[in-house]
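Take a look at this one chain, the form predicted on its own, written out in structure tokens.
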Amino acid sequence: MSKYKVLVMRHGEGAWTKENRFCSWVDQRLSEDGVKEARACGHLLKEAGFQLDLVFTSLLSRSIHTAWLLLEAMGQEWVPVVKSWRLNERHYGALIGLNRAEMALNHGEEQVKQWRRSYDLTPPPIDESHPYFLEIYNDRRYSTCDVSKEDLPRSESLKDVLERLQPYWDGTIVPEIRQGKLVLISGHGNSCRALLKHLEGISDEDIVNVTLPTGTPILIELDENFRPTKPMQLLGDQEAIQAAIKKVEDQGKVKQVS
């Protein structure tokens, strides 16, 4: 029997998502389609009768903006929004800014899939020569973290994401849910995948094939021990969701020239 519910979603489409580039910790805004996705998510949740008590986001604008837009669409703008770097997207290191399709052409689709989807493979780390290094590490938002800037990641596997996210889940989010609050997490593709792996008990091998579309809320129902009582539910038009999943999967493939 379900005792708790939590909503998890990947933010709406970002500007670099549209350009098929590894965005990671670069602070890109939502694209026009991403704005529409966030609002549509809010309308969907409102029509389904969800009443949120608390929203968690990363420190990145696309995650925060998604939360604002969906709360506005729900007419629940007053709901508190809590931000943490521990919900940030996976740090893709030296791959940040690169085009996925071009990388698939140069390195092969399987290698790009492993960089994007594998559990314990870490990309080459970012260093000071990288064009986005200073933009990331000189950003004032990272002076608010519970670790020093020097201890922030320079590259991460999905395993690393789960290791920095799980203490926040256990210590900050779970206590709120235990109080009976309906929580929504507006995260990123990999912070959401890491959390789903933890909650759903997805194996290291199977997580490679878990793809999350942008702007699609996922309902998770849990028992008193925070174990799932039923499979996670991607809410919305199922045909559109499958098309969106395929779109994400195709980002790591060689672009076909017509």
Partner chain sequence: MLCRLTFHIQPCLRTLFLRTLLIFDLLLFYAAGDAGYEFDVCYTSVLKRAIRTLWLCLDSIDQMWLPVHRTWRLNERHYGGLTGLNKSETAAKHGEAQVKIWRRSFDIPPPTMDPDHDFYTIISKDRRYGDLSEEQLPSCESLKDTIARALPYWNDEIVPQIKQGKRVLIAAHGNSLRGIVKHLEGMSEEAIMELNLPTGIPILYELDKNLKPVKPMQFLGDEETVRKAMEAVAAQGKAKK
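These numbers come from a predicted model, not from an experiment. Numbering follows the first chain given and starts at 1.
This next part talks about the form predicted in complex with the partner chain, which is not shown.
Partner-proximal stretch of 22 to 30, 39 to 47, 199 to 207, 221 to 229 relative to the partner chain in the predicted bound form, 4.5 angstroms, heavy atom
This holds for exactly one stretch, 22 to 30.
The partner chain: the contacting residue among P80, G171, G108, P131 in the predicted bound form [heavy atom, 4.5 Å]:
Of the candidates P80, G171, G108, P131, P80 is the one lying within 4.5 Å of the partner chain in the predicted bound form.
Heavy atom within 4.5 Å of the partner chain in the predicted bound form - residue from D160, D139, E102, E176:
Of D160, D139, E102, E176, the residue with a heavy atom within 4.5 Å of the partner chain in the predicted bound form is D139.
Look up in the predicted bound form whether S148 has a non-hydrogen atom within 4.5 angstroms of the partner chain, and give yes or no.
Output for S148 is no: heavy atoms all beyond 4.5 Å of the partner chain.
With a 4.5 Å heavy atom cut-off, would you call Q233 a contact of the partner chain in the predicted bound form?
Q233: no, not in contact with the partner chain in the predicted bound form.
Contact flag, L212 vs the partner chain in the predicted bound form, heavy atom cut 4.5 Å
Contact check for L212: no, nothing within 4.5 Å of the partner chain in the predicted bound form.
Quick one: does L71 come within 4.5 Å of the partner chain in the predicted bound form, counting heavy atoms only?
Heavy-atom contact with the partner chain at 4.5 Å: present for L71.
At 4.5 angstroms, heavy atoms only, are Q114, D120 and A244 all close to the partner chain in the predicted bound form?
Not a single listed residue reaches the partner chain in the predicted bound form, so no.
Interface residues of 143 to 166 toward the partner chain, as seen in the predicted bound form [heavy atoms, 4.5 Å]:
Contacting residue: only T144.
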